[in-house]
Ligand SMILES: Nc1ncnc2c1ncn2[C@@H]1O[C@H](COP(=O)(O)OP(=O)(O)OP(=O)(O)O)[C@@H](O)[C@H]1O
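Presented below, as structure tokens, is a lone chain in the form predicted alone.
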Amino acid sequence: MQGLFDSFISHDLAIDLGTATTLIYVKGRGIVSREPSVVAVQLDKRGERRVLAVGKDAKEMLGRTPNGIEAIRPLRDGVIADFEVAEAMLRYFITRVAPRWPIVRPRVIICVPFGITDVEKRAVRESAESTGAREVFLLEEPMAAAIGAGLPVTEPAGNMIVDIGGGTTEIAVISLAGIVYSQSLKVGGDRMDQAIVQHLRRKHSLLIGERTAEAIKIHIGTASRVRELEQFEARGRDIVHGVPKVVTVHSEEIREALEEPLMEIVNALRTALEATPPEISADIVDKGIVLAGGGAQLRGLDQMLRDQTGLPVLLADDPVGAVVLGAGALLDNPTLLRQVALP
């Protein structure tokens, strides 16, 4: 009987529509989907695009597609760059986690970067509404990340969150369920990958794709000096001779390659600390800075930020899932949801 009853109630969802990864949280079930935000499309004879693959399968095609097939990342810098493909991707993910809607259509919370434009808000909202949602809430990512990281956002005390995603870094100071200060920086995992691509091109005359750059970052990328150097065989094309080439790179040179985008984050963090009211600054000195997002998992990043700011720096328990976990928690707290959601 319980299963029959469950089929009639609403499957409320929280969605972190990220530049690199889309995560979906279903009320009562937790995170049910973590997939790359990639769609493979094929042009038919009439020039219309047909979806071939979404998520992991589509990501495998990046940089490897023949003519007529394209692997697309429909979100750039945290917002929708290709509305049609983003809508198809969202519909695919939602249909997979909830194959058929119950009688009561769901509420959907979608997390968006701080400071997105009204046009971008409308595009995100319409994408969700097209899937059959009865009510759509937009929630700023830093607020969602802070809730997901377990910070006491409703208390009269300062909380600082730094959410480093694929396309953006969101820095926010939160108190009394409101954002005291926030900045959205177009620096994230993608910029780090681009820095690695440029470094190998400049230093080794090697052209690599974004998937190889991401693999290098994950395996030997670091923000701080390490005692033992690690190596990675980077495969790509020799720019000079145009033939395949393999180059061995080590962690110290990748640290140097990542220095520029990481210092942009450091400078933005310093600006945020300077703009924070004194009483809240005192709270941050005691409680420290909390890191969330996939980019926060870069080895040695917490230590680097400690050295640069002189403050305690902590990593959220689930950095990648923090945003969607925070949004998911609000599905059980409609009063707070209406208080913190965008109007």
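Residue indices: 1-based, along the sequence shown. Fair warning: this is a prediction, and the values are worked out from it, not measured in the lab.
Another form, the form predicted together with the named molecule, is not on view; read the next lines as being about it.
Checking Ala123, Leu207, Ile218, Val97 against the named molecule in the predicted complex, a heavy atom within 4.5 Å turns up for just one residue: Ile218.
The closest heavy atom approach of Gly294 to the named molecule in the predicted complex falls within 4.5 Å. Mapping the unseen interface onto this chain, Leu331 falls outside it, with no heavy atom inside 4.5 Å of the named molecule in the predicted complex. Residue contact with the named molecule in the predicted complex: Ile174 places no heavy atom within 4.5 Å of it. Remark: Ile164 counts among the residues lining the named molecule in the predicted complex, judged by a heavy atom distance of 4.5 Å or less. Just one listed stretch, out of 197-205, 241-249, 145-153, 164-172, contacts the named molecule in the predicted complex at the 4.5 Å heavy atom level, and that stretch is 164-172. Applying a 4.5 Å heavy atom cutoff to the named molecule in the predicted complex picks out Asp16, Gly18, Thr19, Ala20, Thr21 from 13-38, in order along the sequence.
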